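Below you'll find only one chain, the form predicted alone, shown as structure tokens.
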């Protein structure tokens, strides 16, 4: 199998490749309905794509009257690698040309171990997927990291929870190791892209995607495109102040949302509740495991533990306070809540909704769904594959 060396030669070819990625095999007639080209010009561009090997024939289409049209599709051997690096876990997946996930691995990992150790694990997981027969090569890879990224360069910038990562040339290093083009972005942006491609935000142009994991971040999608900001730090809502002169945050400031909620803060508060005698259930779990996680709080809450339910409601209220401000400012059509802490479920969602609907203007919230993401643990890797395929299926005039 050959590696993907061809790229679209013009904007029309780029549009055709993206249509085939998003809609699957299509007839020439169907493609003609969606792209502003004459029939003869469309035929020329499709024939050129067939010659590159990026597109292949796929039999005859169903008759629409008259001569039957030929189907075309993206080359089935195209493979994209999606990598979602979290604070405490690592997801790696390989997808086919239409971003369907062919294989997905999850492993524990501490991002504070530094980029060299993390990428050794990434490469090992990618090799496992290759050895499973899911890919002979990768045509491109998308990488998500839990911190700000200087997007044009593929470099993390001053990430608060990632010591040793500032300025590390992620794109350059992994491109050499994997032998394919690489794109790097913030992990929350990739979650938003994933939900936009195949999840709950599939048909929405303007939305925010809030990831509540070890920390809290937000992907902002405006007019169908991720808004990254001037320096790559757009959506860093975990460091918006919710309590004046409040708790110390790892970022150095006080009273940040992340100091009060997210997986790390929730685990700390749950352990305190267990030691203070406010929860027999949490105390039992702490004694058994030696430490608590957000999953323990979810389990205790499901068992009716009052202290755990209170922790979830308080965290949801503070998160809702920040989201309410975003809703008033950005006026999104949808708010998506994702990340590992969404295991807390509808207690968390109800608390967030209550706060947002209470604080934001009715004009902004009258028809505003606030929902859990649909893709769960594959949102980030799906978004990563979408990111690199967007890059490869694009045309930039020289």
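Worth saying up front: this structure is predicted, and the values here are computed from it rather than measured. Numbering follows the first chain given and starts at 1.
The following text describes the form predicted together with another copy of the chain, which does not appear among the structures shown.
At the 4.5 Å threshold, heavy atoms of residue 144 stay clear of another copy of the chain in the model of the complex, well away from it. Although the partner is absent here, residue 79 is not a contact residue: none of its heavy atoms lies within 4.5 angstroms of another copy of the chain in the model of the complex. In the model of the complex, at least one heavy atom of residue 325 sits within 4.5 Å of a heavy atom of another copy of the chain. Although the partner is absent here, residue 208 sits close enough that one of its heavy atoms falls within 4.5 Å of another copy of the chain in the model of the complex. Exactly one of the stretches 284-292, 232-240, 132-140, 307-315 approaches another copy of the chain in the model of the complex with heavy atoms within 4.5 Å, and it is 232-240. Taking the partner from elsewhere, every residue among 227, 359 and 364 has a non-hydrogen atom within 4.5 angstroms of another copy of the chain in the model of the complex. When you look in the model of the complex, the only residue of 56, 37, 371, 333 with a non-hydrogen atom within 4.5 Å of another copy of the chain is 333.
For the options 157, 178, 161, 109, the residue carrying a heavy atom within 4.5 angstroms of another copy of the chain in the model of the complex is 157.
In the model of the complex, not one residue of 92-106 has a heavy atom within 4.5 Å of another copy of the chain.
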